[in-house]
Ligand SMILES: Cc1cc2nc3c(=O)[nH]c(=O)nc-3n(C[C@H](O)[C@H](O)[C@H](O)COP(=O)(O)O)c2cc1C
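A lone chain, given as structure tokens: the form predicted on its own.
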Amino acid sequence: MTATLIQPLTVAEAIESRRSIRKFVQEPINEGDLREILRLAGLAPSAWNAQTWRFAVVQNPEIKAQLQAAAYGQPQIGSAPAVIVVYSDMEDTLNTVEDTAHPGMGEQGRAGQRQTFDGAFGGQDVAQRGQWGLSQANIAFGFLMLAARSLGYDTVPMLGFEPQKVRELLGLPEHVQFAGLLPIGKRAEDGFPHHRHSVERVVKFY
């Protein structure tokens, strides 16, 4: 399916209109839209262009039901036509790190990328460097929510689930770390309006 022909929201409009939605319209997501949302999320920045994030898109009803069980039965997973599992795979990143060097930098850039990552993470254990990779994947998680909203879709970020059960369900390696689950679809409720601290409450200017 090709992407839906809609006028994308501006960044400000996507931020202002985003809500945490837990009830979704019962219709499949346009495949073109879904791929475009994931493409946009993949444009997120990361230190050294590491791109540690990975996405598992769950649409199969049986797998989605098992994912819901791993998330303590929370109904938004069952309601959403798709759930995007956002995780970080730092070990895969390290194994293929040359691929993250910009082509314009040539072979020297590929070699330099390997040297940089081996120097930074070679002395760390899997858990330590996994935490760094997760910090980068969290950036993509934020981009993913805004990309979805910009194309007229809604989401709700979730951290309430059992990571080990999700790893087993999706056949993911033990070392991966999760940024969260993201049910996605068209809203079937308005959701609560934003209730946030003021700028003065959270910002110090120097």
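None of these values were measured; they are calculated from a predicted model. Numbering starts at 1 and runs along the sequence shown.
One more form of this protein should be noted, the form predicted in complex with this ligand, which is absent from this view; the next part is about it.
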Open item on the list: Under a 4.5 Å heavy atom criterion, is Leu67 part of the interface with this ligand in the predicted complex?
Closed with: no
Task: Contact test in the predicted complex: Gly160 vs this ligand, heavy atoms, 4.5 Å - done: yes
Open item on the list: At 4.5 Å between heavy atoms, is Gln136 in contact with this ligand in the predicted complex?
Closed with: no
Open item on the list: Arg18 versus this ligand, in the predicted complex: is there a non-hydrogen atom within 4.5 Å?
Closed with: yes
Open item on the list: I need to confirm a contact call. Of Ser79, Gln74, Gln113, Thr93, which residue comes within 4.5 Å of this ligand in the predicted complex, counting heavy atoms only?
Closed with: Gln74
Task: Contact residue in the predicted complex, chosen from Ala147, Ala44, Val156, Leu34 - any heavy atom within 4.5 Å of this ligand - done: Val156
Open item on the list: Suppose contact means any heavy atom within 4.5 Å; which members of 170-201 contact this ligand in the predicted complex?
Closed with: Phe192, His194, Arg196
